[in-house]
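Given as C-alpha coordinates, the chain that follows is alone and in the form predicted alone.
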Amino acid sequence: MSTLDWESYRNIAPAGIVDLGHRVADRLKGKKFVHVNSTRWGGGVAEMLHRLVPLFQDLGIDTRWDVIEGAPEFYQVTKSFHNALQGQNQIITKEMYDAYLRINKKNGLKMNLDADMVIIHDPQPAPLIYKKKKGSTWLWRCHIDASRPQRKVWNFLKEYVSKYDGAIFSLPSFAQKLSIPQYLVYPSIDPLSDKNKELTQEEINSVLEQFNIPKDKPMILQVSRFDRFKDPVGVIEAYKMVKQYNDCCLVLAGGSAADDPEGLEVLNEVKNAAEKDKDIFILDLPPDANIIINALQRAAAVVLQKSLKEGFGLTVAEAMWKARPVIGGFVGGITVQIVYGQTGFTVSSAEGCAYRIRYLLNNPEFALAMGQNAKEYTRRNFLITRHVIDYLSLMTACVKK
(Lines give C-alpha, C1' and ligand atoms only; values in the text may rest on other atoms or scores of the structure.)
Protein backbone atom coordinates (compact mmCIF):
# COMPACT_ATOMS: atom_id res chain seq x y z
CA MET A 1 0.00 0.00 0.00
CA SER A 2 1.36 3.44 -0.90
CA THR A 3 2.13 6.23 1.52
CA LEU A 4 0.10 9.42 1.21
CA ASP A 5 0.61 12.92 2.58
CA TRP A 6 -2.42 14.70 4.07
CA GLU A 7 -0.70 18.06 3.49
CA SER A 8 -0.72 17.43 -0.29
CA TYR A 9 -4.44 18.24 -0.33
CA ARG A 10 -4.06 21.73 1.14
CA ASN A 11 -4.37 23.54 -2.22
CA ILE A 12 -7.09 21.25 -3.57
CA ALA A 13 -9.62 20.76 -0.77
CA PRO A 14 -11.90 23.55 0.48
CA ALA A 15 -10.13 25.99 2.82
CA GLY A 16 -9.64 24.84 6.40
CA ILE A 17 -10.31 21.13 5.93
CA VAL A 18 -6.64 20.02 6.11
CA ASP A 19 -6.12 21.87 9.41
CA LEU A 20 -9.38 20.43 10.74
CA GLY A 21 -8.13 16.91 9.91
CA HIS A 22 -5.00 17.42 12.01
CA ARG A 23 -6.99 18.70 14.99
CA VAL A 24 -9.53 15.86 14.98
CA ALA A 25 -6.86 13.21 14.39
CA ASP A 26 -4.91 14.41 17.43
CA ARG A 27 -7.82 13.27 19.62
CA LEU A 28 -7.52 9.71 18.27
CA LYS A 29 -3.79 9.19 18.74
CA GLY A 30 -3.04 5.88 20.45
CA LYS A 31 -6.23 4.21 19.22
CA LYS A 32 -6.22 1.26 16.80
CA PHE A 33 -8.57 0.83 13.83
CA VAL A 34 -9.23 -2.05 11.43
CA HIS A 35 -11.19 -2.10 8.16
CA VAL A 36 -12.39 -5.42 6.68
CA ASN A 37 -13.89 -6.06 3.25
CA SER A 38 -14.04 -8.90 0.70
CA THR A 39 -11.56 -7.92 -2.01
CA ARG A 40 -8.26 -6.10 -2.26
CA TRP A 41 -8.75 -5.09 -5.91
CA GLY A 42 -11.73 -4.16 -8.04
CA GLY A 43 -14.74 -2.04 -7.15
CA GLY A 44 -15.20 1.22 -5.33
CA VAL A 45 -14.81 -0.07 -1.77
CA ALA A 46 -11.31 -1.46 -2.32
CA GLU A 47 -10.39 1.63 -4.31
CA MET A 48 -11.38 3.94 -1.46
CA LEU A 49 -9.62 1.86 1.20
CA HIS A 50 -6.39 1.94 -0.82
CA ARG A 51 -6.42 5.72 -0.33
CA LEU A 52 -8.19 6.20 3.02
CA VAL A 53 -6.03 3.83 5.09
CA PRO A 54 -2.68 5.49 4.18
CA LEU A 55 -4.17 8.91 4.92
CA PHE A 56 -5.29 7.79 8.38
CA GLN A 57 -1.77 6.46 8.94
CA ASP A 58 -0.24 9.76 7.78
CA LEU A 59 -2.44 11.53 10.32
CA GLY A 60 -0.85 9.37 13.01
CA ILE A 61 -3.73 6.92 13.50
CA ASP A 62 -2.85 3.22 13.74
CA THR A 63 -5.05 1.78 10.97
CA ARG A 64 -5.01 -1.64 9.27
CA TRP A 65 -7.00 -3.17 6.38
CA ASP A 66 -7.78 -6.91 6.22
CA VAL A 67 -9.60 -8.89 3.50
CA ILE A 68 -11.61 -12.08 4.00
CA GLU A 69 -10.86 -15.03 1.73
CA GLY A 70 -13.26 -17.50 0.17
CA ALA A 71 -13.68 -20.07 -2.60
CA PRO A 72 -15.73 -19.27 -5.75
CA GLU A 73 -18.73 -20.88 -4.01
CA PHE A 74 -18.58 -18.17 -1.33
CA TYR A 75 -18.53 -15.31 -3.83
CA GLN A 76 -21.41 -16.88 -5.77
CA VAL A 77 -23.42 -16.81 -2.55
CA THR A 78 -22.45 -13.26 -1.61
CA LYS A 79 -23.20 -12.04 -5.15
CA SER A 80 -26.70 -13.48 -4.73
CA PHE A 81 -26.92 -11.66 -1.38
CA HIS A 82 -25.77 -8.46 -3.10
CA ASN A 83 -28.42 -8.78 -5.82
CA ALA A 84 -31.15 -9.64 -3.29
CA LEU A 85 -30.31 -6.68 -1.05
CA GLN A 86 -30.55 -4.43 -4.11
CA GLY A 87 -34.06 -5.74 -4.72
CA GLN A 88 -33.52 -8.47 -7.31
CA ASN A 89 -35.40 -11.69 -6.62
CA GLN A 90 -32.92 -14.42 -5.66
CA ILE A 91 -33.24 -17.97 -4.39
CA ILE A 92 -30.95 -18.48 -1.42
CA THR A 93 -30.89 -22.07 -0.15
CA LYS A 94 -30.03 -23.30 3.34
CA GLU A 95 -26.81 -24.71 1.93
CA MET A 96 -25.88 -21.23 0.64
CA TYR A 97 -26.55 -19.61 4.03
CA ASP A 98 -24.49 -22.37 5.68
CA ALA A 99 -21.56 -21.82 3.27
CA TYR A 100 -21.67 -18.08 3.95
CA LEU A 101 -21.46 -18.58 7.71
CA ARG A 102 -18.86 -21.34 7.43
CA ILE A 103 -16.46 -19.20 5.38
CA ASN A 104 -16.88 -16.27 7.77
CA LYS A 105 -16.19 -18.55 10.74
CA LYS A 106 -13.06 -19.87 9.01
CA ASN A 107 -11.83 -16.33 8.29
CA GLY A 108 -12.53 -15.21 11.81
CA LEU A 109 -10.35 -17.94 13.27
CA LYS A 110 -7.23 -16.58 11.56
CA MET A 111 -7.90 -12.81 11.55
CA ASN A 112 -6.59 -10.43 14.18
CA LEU A 113 -9.46 -8.00 14.82
CA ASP A 114 -8.25 -6.62 18.13
CA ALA A 115 -8.74 -2.84 17.81
CA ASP A 116 -10.56 0.07 19.39
CA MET A 117 -12.80 0.29 16.32
CA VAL A 118 -13.52 -2.23 13.57
CA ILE A 119 -15.40 -1.20 10.42
CA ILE A 120 -16.83 -4.13 8.44
CA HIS A 121 -17.66 -3.23 4.84
CA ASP A 122 -20.73 -4.71 3.12
CA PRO A 123 -22.56 -8.02 3.69
CA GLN A 124 -19.74 -10.45 2.88
CA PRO A 125 -17.89 -10.23 6.24
CA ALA A 126 -20.87 -9.16 8.40
CA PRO A 127 -20.94 -12.35 10.58
CA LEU A 128 -17.42 -11.54 11.83
CA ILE A 129 -19.20 -9.57 14.55
CA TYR A 130 -18.84 -12.72 16.67
CA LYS A 131 -15.18 -11.65 17.09
CA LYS A 132 -16.14 -8.42 18.87
CA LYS A 133 -14.52 -8.03 22.27
CA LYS A 134 -15.76 -6.04 25.22
CA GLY A 135 -14.66 -2.42 25.07
CA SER A 136 -14.26 -2.24 21.29
CA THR A 137 -16.60 -0.48 18.85
CA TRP A 138 -17.80 -2.23 15.69
CA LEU A 139 -19.57 -0.46 12.81
CA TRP A 140 -21.12 -2.09 9.74
CA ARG A 141 -20.60 -0.05 6.57
CA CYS A 142 -23.20 -0.67 3.82
CA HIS A 143 -22.09 0.49 0.35
CA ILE A 144 -25.02 -0.87 -1.67
CA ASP A 145 -28.54 0.34 -2.40
CA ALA A 146 -30.45 -1.43 0.35
CA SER A 147 -33.55 0.75 0.09
CA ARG A 148 -35.82 -2.11 -1.03
CA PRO A 149 -34.07 -5.38 -0.16
CA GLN A 150 -35.49 -8.84 -0.64
CA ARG A 151 -36.97 -9.17 2.83
CA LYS A 152 -35.94 -12.75 3.62
CA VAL A 153 -32.27 -12.06 2.89
CA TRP A 154 -32.29 -8.77 4.79
CA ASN A 155 -33.91 -10.44 7.82
CA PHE A 156 -31.13 -13.04 7.80
CA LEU A 157 -28.42 -10.38 7.57
CA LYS A 158 -30.17 -8.16 10.12
CA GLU A 159 -29.49 -10.73 12.85
CA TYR A 160 -25.78 -9.94 12.50
CA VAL A 161 -26.03 -6.23 11.71
CA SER A 162 -28.12 -5.64 14.84
CA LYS A 163 -25.20 -6.82 16.99
CA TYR A 164 -23.00 -3.95 15.79
CA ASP A 165 -22.66 -0.65 17.64
CA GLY A 166 -23.84 1.25 14.57
CA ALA A 167 -24.40 1.10 10.81
CA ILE A 168 -23.17 3.53 8.14
CA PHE A 169 -25.15 4.07 4.94
CA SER A 170 -24.41 6.15 1.83
CA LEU A 171 -27.88 7.68 1.53
CA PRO A 172 -30.70 8.40 3.99
CA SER A 173 -33.07 6.32 1.84
CA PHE A 174 -30.88 3.24 2.38
CA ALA A 175 -31.38 3.30 6.16
CA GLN A 176 -33.24 0.35 7.69
CA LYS A 177 -35.33 -0.33 10.78
CA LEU A 178 -32.55 -1.19 13.20
CA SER A 179 -32.16 -0.95 16.95
CA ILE A 180 -28.65 0.49 16.58
CA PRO A 181 -27.62 4.05 15.59
CA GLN A 182 -27.35 4.73 11.85
CA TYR A 183 -24.95 7.22 10.27
CA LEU A 184 -24.71 8.86 6.84
CA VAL A 185 -21.31 9.08 5.13
CA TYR A 186 -20.97 9.77 1.41
CA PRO A 187 -18.19 7.89 -0.44
CA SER A 188 -15.47 9.92 -2.18
CA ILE A 189 -12.80 10.12 -4.85
CA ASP A 190 -9.13 11.00 -4.44
CA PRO A 191 -8.07 13.89 -6.73
CA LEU A 192 -4.41 12.83 -6.42
CA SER A 193 -4.85 9.17 -7.34
CA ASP A 194 -3.77 7.83 -10.73
CA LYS A 195 -7.42 7.68 -11.74
CA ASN A 196 -8.05 11.37 -11.07
CA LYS A 197 -4.77 13.29 -11.28
CA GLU A 198 -4.11 15.73 -14.13
CA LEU A 199 -2.86 14.20 -17.42
CA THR A 200 -1.16 15.79 -20.41
CA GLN A 201 -2.86 15.76 -23.81
CA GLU A 202 -0.06 13.47 -25.01
CA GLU A 203 -0.92 10.94 -22.28
CA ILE A 204 -4.61 11.09 -23.20
CA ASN A 205 -3.88 10.67 -26.92
CA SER A 206 -1.59 7.74 -26.18
CA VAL A 207 -4.43 5.83 -24.51
CA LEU A 208 -6.85 6.56 -27.39
CA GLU A 209 -4.25 5.31 -29.88
CA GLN A 210 -3.59 2.21 -27.76
CA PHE A 211 -7.21 1.11 -28.27
CA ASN A 212 -7.65 2.61 -31.78
CA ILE A 213 -10.40 4.92 -30.52
CA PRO A 214 -11.03 7.68 -33.08
CA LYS A 215 -10.14 11.23 -32.03
CA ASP A 216 -12.28 12.85 -34.72
CA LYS A 217 -15.63 11.72 -33.27
CA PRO A 218 -17.23 12.69 -29.95
CA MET A 219 -16.86 9.85 -27.46
CA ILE A 220 -19.69 8.60 -25.25
CA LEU A 221 -18.23 6.72 -22.28
CA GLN A 222 -19.43 4.51 -19.47
CA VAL A 223 -16.93 3.14 -16.95
CA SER A 224 -18.25 0.37 -14.73
CA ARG A 225 -18.05 -3.29 -13.89
CA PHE A 226 -19.83 -5.55 -16.36
CA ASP A 227 -22.83 -5.84 -14.08
CA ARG A 228 -26.51 -5.86 -15.12
CA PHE A 229 -27.31 -3.21 -12.49
CA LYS A 230 -25.04 -0.85 -14.48
CA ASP A 231 -27.25 -1.42 -17.55
CA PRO A 232 -24.48 -1.66 -20.18
CA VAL A 233 -26.96 -3.06 -22.73
CA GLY A 234 -29.23 -0.06 -22.10
CA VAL A 235 -26.24 2.19 -22.80
CA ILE A 236 -25.77 0.51 -26.19
CA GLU A 237 -29.47 1.01 -26.96
CA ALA A 238 -29.15 4.74 -26.19
CA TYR A 239 -25.99 5.02 -28.30
CA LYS A 240 -27.74 3.41 -31.29
CA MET A 241 -30.54 5.99 -31.07
CA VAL A 242 -28.03 8.84 -30.96
CA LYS A 243 -26.00 7.37 -33.81
CA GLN A 244 -28.93 7.84 -36.21
CA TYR A 245 -28.45 11.62 -35.94
CA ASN A 246 -24.99 12.33 -34.47
CA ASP A 247 -21.82 10.56 -35.57
CA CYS A 248 -20.05 9.42 -32.42
CA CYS A 249 -18.36 6.43 -30.82
CA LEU A 250 -19.15 4.52 -27.63
CA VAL A 251 -16.62 3.18 -25.14
CA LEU A 252 -17.70 0.73 -22.45
CA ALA A 253 -14.74 0.34 -20.13
CA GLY A 254 -14.80 -1.98 -17.19
CA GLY A 255 -13.52 -5.12 -15.64
CA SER A 256 -14.30 -7.67 -13.02
CA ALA A 257 -13.67 -8.03 -9.31
CA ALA A 258 -12.64 -11.12 -7.36
CA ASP A 259 -15.98 -11.09 -5.50
CA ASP A 260 -18.15 -10.80 -8.68
CA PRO A 261 -18.58 -14.16 -10.49
CA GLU A 262 -21.17 -12.78 -12.98
CA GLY A 263 -18.78 -10.43 -14.77
CA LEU A 264 -17.83 -12.70 -17.69
CA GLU A 265 -21.45 -13.65 -18.38
CA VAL A 266 -22.50 -9.99 -18.55
CA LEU A 267 -19.48 -9.10 -20.70
CA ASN A 268 -20.63 -11.65 -23.29
CA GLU A 269 -24.14 -10.16 -23.24
CA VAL A 270 -22.64 -6.74 -23.91
CA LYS A 271 -20.57 -8.02 -26.85
CA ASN A 272 -23.66 -9.60 -28.38
CA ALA A 273 -25.61 -6.35 -28.00
CA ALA A 274 -22.81 -4.39 -29.71
CA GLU A 275 -23.32 -6.49 -32.89
CA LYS A 276 -19.72 -5.83 -34.04
CA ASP A 277 -20.41 -2.10 -34.51
CA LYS A 278 -16.98 -0.69 -35.39
CA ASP A 279 -17.63 2.44 -33.33
CA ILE A 280 -18.36 0.52 -30.12
CA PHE A 281 -15.26 -0.23 -28.06
CA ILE A 282 -15.66 -2.73 -25.21
CA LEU A 283 -12.59 -2.64 -22.99
CA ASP A 284 -12.19 -5.41 -20.40
CA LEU A 285 -9.57 -3.72 -18.25
CA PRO A 286 -7.48 -5.02 -15.33
CA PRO A 287 -8.14 -3.53 -11.85
CA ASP A 288 -5.02 -1.34 -12.04
CA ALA A 289 -5.93 0.38 -15.34
CA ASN A 290 -6.35 3.71 -13.54
CA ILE A 291 -4.43 5.90 -15.98
CA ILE A 292 -6.40 4.43 -18.88
CA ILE A 293 -9.72 5.21 -17.18
CA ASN A 294 -8.50 8.68 -16.27
CA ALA A 295 -7.56 9.39 -19.91
CA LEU A 296 -10.85 8.03 -21.27
CA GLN A 297 -12.88 10.19 -18.89
CA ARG A 298 -10.90 13.28 -19.87
CA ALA A 299 -11.34 12.51 -23.58
CA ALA A 300 -15.08 11.85 -23.41
CA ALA A 301 -17.64 14.34 -24.73
CA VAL A 302 -20.34 12.86 -22.48
CA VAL A 303 -19.95 10.38 -19.61
CA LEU A 304 -22.76 7.98 -18.68
CA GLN A 305 -23.54 6.02 -15.54
CA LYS A 306 -26.89 4.63 -16.59
CA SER A 307 -27.34 2.39 -13.57
CA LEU A 308 -30.61 0.70 -12.64
CA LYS A 309 -29.45 0.34 -9.01
CA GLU A 310 -26.50 2.13 -7.53
CA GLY A 311 -25.03 2.32 -4.05
CA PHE A 312 -23.25 5.53 -4.92
CA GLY A 313 -21.51 5.42 -8.31
CA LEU A 314 -18.04 6.87 -7.81
CA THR A 315 -17.51 7.04 -11.57
CA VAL A 316 -19.96 9.94 -11.58
CA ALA A 317 -17.79 12.03 -9.24
CA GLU A 318 -14.66 10.97 -11.13
CA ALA A 319 -16.02 12.32 -14.40
CA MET A 320 -17.43 15.44 -12.74
CA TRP A 321 -14.01 16.16 -11.23
CA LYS A 322 -12.67 16.17 -14.82
CA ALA A 323 -15.33 18.75 -15.74
CA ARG A 324 -17.22 16.30 -17.96
CA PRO A 325 -21.02 16.53 -18.34
CA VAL A 326 -22.52 13.34 -16.88
CA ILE A 327 -25.82 11.56 -17.52
CA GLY A 328 -26.76 9.08 -14.82
CA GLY A 329 -29.61 6.79 -13.91
CA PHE A 330 -32.11 8.33 -11.49
CA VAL A 331 -31.14 5.90 -8.74
CA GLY A 332 -29.18 5.71 -5.50
CA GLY A 333 -26.19 7.92 -4.91
CA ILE A 334 -26.22 9.25 -8.47
CA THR A 335 -29.11 11.51 -7.48
CA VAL A 336 -26.96 13.08 -4.76
CA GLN A 337 -24.08 13.84 -7.11
CA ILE A 338 -26.07 15.11 -10.08
CA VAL A 339 -28.08 18.27 -9.57
CA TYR A 340 -30.41 18.03 -12.52
CA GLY A 341 -29.58 20.53 -15.24
CA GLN A 342 -26.72 22.02 -13.18
CA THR A 343 -24.05 19.34 -12.67
CA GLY A 344 -25.51 16.76 -15.08
CA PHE A 345 -28.72 15.02 -16.07
CA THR A 346 -30.49 12.02 -14.56
CA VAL A 347 -32.63 9.74 -16.72
CA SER A 348 -34.90 6.72 -16.34
CA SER A 349 -34.83 5.15 -19.80
CA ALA A 350 -32.63 4.52 -22.82
CA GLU A 351 -34.76 7.00 -24.78
CA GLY A 352 -34.24 9.70 -22.13
CA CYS A 353 -30.54 8.97 -22.08
CA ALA A 354 -30.31 9.30 -25.87
CA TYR A 355 -32.22 12.59 -25.79
CA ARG A 356 -29.81 14.09 -23.22
CA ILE A 357 -26.72 12.80 -25.05
CA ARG A 358 -27.89 14.53 -28.21
CA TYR A 359 -28.69 17.71 -26.27
CA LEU A 360 -25.15 17.88 -24.89
CA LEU A 361 -23.50 17.02 -28.21
CA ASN A 362 -25.51 19.72 -29.98
CA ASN A 363 -24.95 22.38 -27.27
CA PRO A 364 -21.21 22.31 -26.55
CA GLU A 365 -21.14 25.64 -24.68
CA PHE A 366 -23.83 24.41 -22.29
CA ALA A 367 -21.96 21.12 -21.86
CA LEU A 368 -18.76 23.02 -21.04
CA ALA A 369 -20.48 25.16 -18.38
CA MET A 370 -22.17 22.11 -16.88
CA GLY A 371 -18.81 20.38 -16.62
CA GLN A 372 -17.29 23.33 -14.75
CA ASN A 373 -20.24 23.38 -12.33
CA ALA A 374 -19.79 19.65 -11.79
CA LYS A 375 -16.09 20.01 -10.94
CA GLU A 376 -16.69 22.64 -8.28
CA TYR A 377 -19.62 20.69 -6.79
CA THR A 378 -17.39 17.63 -6.53
CA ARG A 379 -14.60 19.62 -4.89
CA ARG A 380 -16.93 20.77 -2.16
CA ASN A 381 -18.74 17.50 -1.53
CA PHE A 382 -17.11 14.32 -2.79
CA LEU A 383 -13.34 14.51 -2.31
CA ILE A 384 -11.49 12.16 -0.01
CA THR A 385 -10.66 15.00 2.38
CA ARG A 386 -14.33 15.37 3.35
CA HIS A 387 -14.55 11.57 3.68
CA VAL A 388 -11.59 11.46 6.08
CA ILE A 389 -13.13 14.20 8.22
CA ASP A 390 -16.45 12.33 8.35
CA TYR A 391 -14.75 9.11 9.50
CA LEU A 392 -12.57 10.91 12.05
CA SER A 393 -15.63 12.64 13.50
CA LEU A 394 -17.48 9.33 13.69
CA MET A 395 -14.53 7.62 15.34
CA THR A 396 -14.22 10.42 17.88
CA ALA A 397 -17.90 10.15 18.75
CA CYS A 398 -18.10 6.35 18.88
CA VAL A 399 -14.81 5.01 20.23
CA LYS A 400 -15.03 4.18 23.87
CA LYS A 401 -12.77 6.35 26.04
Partner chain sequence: MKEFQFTDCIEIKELTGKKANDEAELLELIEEASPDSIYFHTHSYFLRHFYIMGPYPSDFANWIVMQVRDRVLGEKLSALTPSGKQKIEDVRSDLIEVIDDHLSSIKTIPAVSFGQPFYLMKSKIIEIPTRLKAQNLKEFRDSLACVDASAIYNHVFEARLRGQKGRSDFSIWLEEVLGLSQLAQSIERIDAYMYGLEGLRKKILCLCDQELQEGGQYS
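Positions refer to the first chain, counted from 1. For clarity, every value in this text was computed on a predicted model and none was experimentally measured.
There is also a form predicted together with its partner chain; it is not shown, and the following applies to it.
inquiry  = Looking at 57-65, 351-359, 329-337, 37-45, which stretch has residues with any non-hydrogen atom within 4.5 Å of its partner chain in the predicted complex?
reply    = Going by heavy atoms within 4.5 Å, the stretch is 329-337.
message = Between 281, 169, 74, 312, only one gets a heavy atom within 4.5 angstroms of its partner chain in the predicted complex; which residue is that?
response = After the contact test, the surviving option is 169.
Position in contact with its partner chain when the complex is considered in the predicted complex, options 173, 162, 90, 246, heavy atoms within 4.5 Å = By the 4.5 Å heavy-atom cutoff, the listed residue in contact is 173.
query = Is there a non-hydrogen atom of residue 342 within 4.5 angstroms of a non-hydrogen atom of its partner chain in the predicted complex?
reply = Yes, residue 342 lies within 4.5 Å of its partner chain in the predicted complex.
ask   = Is there a heavy atom of residue 184 no more than 4.5 Å from a heavy atom of its partner chain in the predicted complex?
value = Answer yes; at least one heavy atom of residue 184 falls within 4.5 Å of its partner chain in the predicted complex.
message = When the contact criterion is heavy atoms within 4.5 Å, does residue 389 count as touching its partner chain in the predicted complex?
response = Residue 389: yes, in contact with its partner chain in the predicted complex.
task = Report whether the minimum heavy atom distance between residue 29 and its partner chain in the predicted complex is within 4.5 Å.
result = Heavy-atom contact with its partner chain at 4.5 Å: absent for residue 29.
ask   = Considering only 374-394, what residues come within 4.5 Å of its partner chain in the predicted complex, judged by heavy atoms?
value = Contacting residues: 376, 377, 380, 381, 389, 393, 394.
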